[in-house]
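Before any questions on how it binds or moves, here is one chain, the form predicted alone, in structure tokens.
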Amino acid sequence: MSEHTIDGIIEKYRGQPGSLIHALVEIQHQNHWLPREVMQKVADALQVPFAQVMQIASFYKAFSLTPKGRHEVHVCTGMTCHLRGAAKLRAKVEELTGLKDGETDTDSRFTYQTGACLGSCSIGPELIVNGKHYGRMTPEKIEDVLKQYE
């Protein structure tokens, strides 16, 4: 994301300390993570202490303080998905992307994560890419799904 775009988001909330979370959400959505220097700009523009920005950014799981890929890939590892073959999904995603849980590839295409329960047990095992749920997933289907996110 360009610095110009980030600055535009920050300007929209300038002088509005009550809009801190909104500003961070918008930046996270566009940039996929919150660099320290951007959080400092937000603190200055919204007139809130940098420590408060850090506290919010590190408390909420939706925010990332490390770079993420353009596409976030999640495999559910909750009990229902586990019993329905989530381990095979994990192995296939790791094979296709070359990533382990929590990693981002070098060209920032994918960030791969697993989660204990992603909230859709009835359609497990489940793969989620950029918030889109792919239920009753099989290892054979994963490559076709990931190709959609070139």
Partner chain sequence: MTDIVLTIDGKEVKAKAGMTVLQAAQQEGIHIPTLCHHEKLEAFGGCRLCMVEVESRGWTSYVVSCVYPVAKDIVVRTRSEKVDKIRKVLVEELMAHAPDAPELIKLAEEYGADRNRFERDASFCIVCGLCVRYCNEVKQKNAVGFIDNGARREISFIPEVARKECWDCQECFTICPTSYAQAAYLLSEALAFPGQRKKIKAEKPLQPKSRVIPIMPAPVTT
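Numbering follows the first chain given and starts at 1. It should be emphasised that the depicted structure is a prediction, and the values quoted were computed from it without experimental measurement.
In what follows, reference is made to the form predicted together with the partner chain, a form of this protein that is not presented.
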{"property": "Proximity of H29 to the partner chain in the predicted bound form, heavy atoms at 4.5 Å", "result": "no"}
{"property": "Contact flag, P35 vs the partner chain in the predicted bound form, heavy atom cut 4.5 Å", "result": "no"}
{"property": "is_contact(P67, the partner chain) in the predicted bound form, heavy atom dist at most 4.5 Å", "result": "no"}
{"property": "Heavy atom of A45 within 4.5 Å of the partner chain in the predicted bound form", "result": "no"}
{"property": "Neighbours of the partner chain in the predicted bound form among 33-61 [non-hydrogen atom within 4.5 angstroms]", "result": "R36, P49, F50, A51, Q52, M54, Q55, S58, F59"}
